[in-house]
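Shown next as structure tokens: one chain only, the form predicted alone.
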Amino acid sequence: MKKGLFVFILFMCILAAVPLFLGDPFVCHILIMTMMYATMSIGWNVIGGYAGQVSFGNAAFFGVGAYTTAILLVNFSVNPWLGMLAGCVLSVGLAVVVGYPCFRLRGHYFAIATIAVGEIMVVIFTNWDYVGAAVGIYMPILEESFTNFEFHSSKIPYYYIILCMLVFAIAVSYIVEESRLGYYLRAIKDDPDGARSLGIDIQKYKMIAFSISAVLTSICGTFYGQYVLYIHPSSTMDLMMSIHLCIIALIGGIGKLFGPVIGAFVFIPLMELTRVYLGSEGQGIDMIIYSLLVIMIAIWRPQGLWALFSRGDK
């Protein structure tokens, strides 16, 4: 077993044991948000890291997952877990609709197109009365249970649910990386014209990667909605969320299996702690800290922090 993989497995075992010794709800919240962003960044890494298509619109999939579950629960009393599946289906549909024309664009044009799509989604949901418009949607308070996906007395169940989602995302990413799909995506990233000359259907495989990214992001949208029990366009489709996913992968290591996980465990606690302890007095300082962190990584570790642990491993 590679040393990096062993360290990661040990780290995941420690994470699983943390709630047994954790007494501070705020620390638990930080870990929950960290693992949620790690899961989403892994999804971003499939399309942005392996396929080389930098997307700044992944927050739209997060919003679709959150809103689909919320609308089905509030208006039709559909179980949140079924709402999660419906959100995944709709997110894949959105990925296909967006990807079909946008994948014909190259480089920064694709990134700009995804920004436009994300902003269009925000405008639509902000002005759409059926989904609560700018007011948002409040989830109904249901009996505390795993089936209802609501827990009121403790955050620990949410902790283990998002931990399972993170493990699922890593497993999916590993399968992609080690499969023919992963080799095709890396070939498309490195030399799209060469890949096309070898008979690789670039449009098809980019679409598959984008759909996988959409699913992993969508399930986090459902989780977030059930975790906070309130959603609105600014909290679920904000452009900064998409940018954060990119920064997390950059810090940890773009195109690396465990890069987004390491990046999330550096970036999200830093973001949450600066938000809480600096407050309004430190407005803007948090962005300076993030910028300095990215600059230092770009200068000293351009391959990301995962290079510190892997030494050639994935």
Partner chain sequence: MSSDILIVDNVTKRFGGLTANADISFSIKEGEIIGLIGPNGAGKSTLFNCISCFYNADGGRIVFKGQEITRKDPESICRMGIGRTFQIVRTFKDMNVLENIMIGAFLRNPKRKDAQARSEEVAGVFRFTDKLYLKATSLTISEQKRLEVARVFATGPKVMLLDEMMAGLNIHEIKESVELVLRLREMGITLVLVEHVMEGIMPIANRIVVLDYGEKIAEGTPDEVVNNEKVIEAYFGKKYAKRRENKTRIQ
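Computed from a prediction, not measured in an experiment: that's the story for all the values here. Positions refer to the first chain, counted from 1.
There is another form of this protein, the form predicted in complex with the partner chain, and it is not shown here; the text below is about that form.
Visitor: Quick one: does Asn127 come within 4.5 Å of the partner chain in the predicted complex, counting heavy atoms only?
Guide: Flag for Asn127 set to no.
Visitor: I'd like to know if Ile115 sits close to the partner chain in the predicted complex, meaning any non-hydrogen atom pair within 4.5 angstroms.
Guide: The answer is no: Ile115 has no heavy atom within 4.5 Å of the partner chain.
Visitor: Heavy atoms within 4.5 Å of the partner chain in the predicted complex: does Cys88 have any?
Guide: Residue-level check for Cys88: no, no contact with the partner chain.
Visitor: Verify the contact flag for Ile162: yes if a non-hydrogen atom of it lies within 4.5 Å of a non-hydrogen atom of the partner chain in the predicted complex, no if not.
Guide: No.
Visitor: Can you pick the stretch from 91-99, 233-241, 133-141, 200-208 whose heavy atoms fall within 4.5 Å of the partner chain in the predicted complex?
Guide: Of the stretches listed, the one contacting the partner is 200-208.
Visitor: By the heavy atom within 4.5 Å rule, which residue out of Trp81, Phe151, Tyr183, Phe168 makes contact with the partner chain in the predicted complex?
Guide: Of the listed residues, the single hit is Tyr183.
Visitor: Where, within 186-215, is there a heavy atom within 4.5 Å of the partner chain in the predicted complex? Residue list please.
Guide: Heavy-atom contacts to the partner chain in the predicted complex: Arg186, Ala187, Asp190, Asp191, Asp193, Gly194, Ala195, Arg196, Ser197, Leu198, Gly199, Ile200, Asp201.
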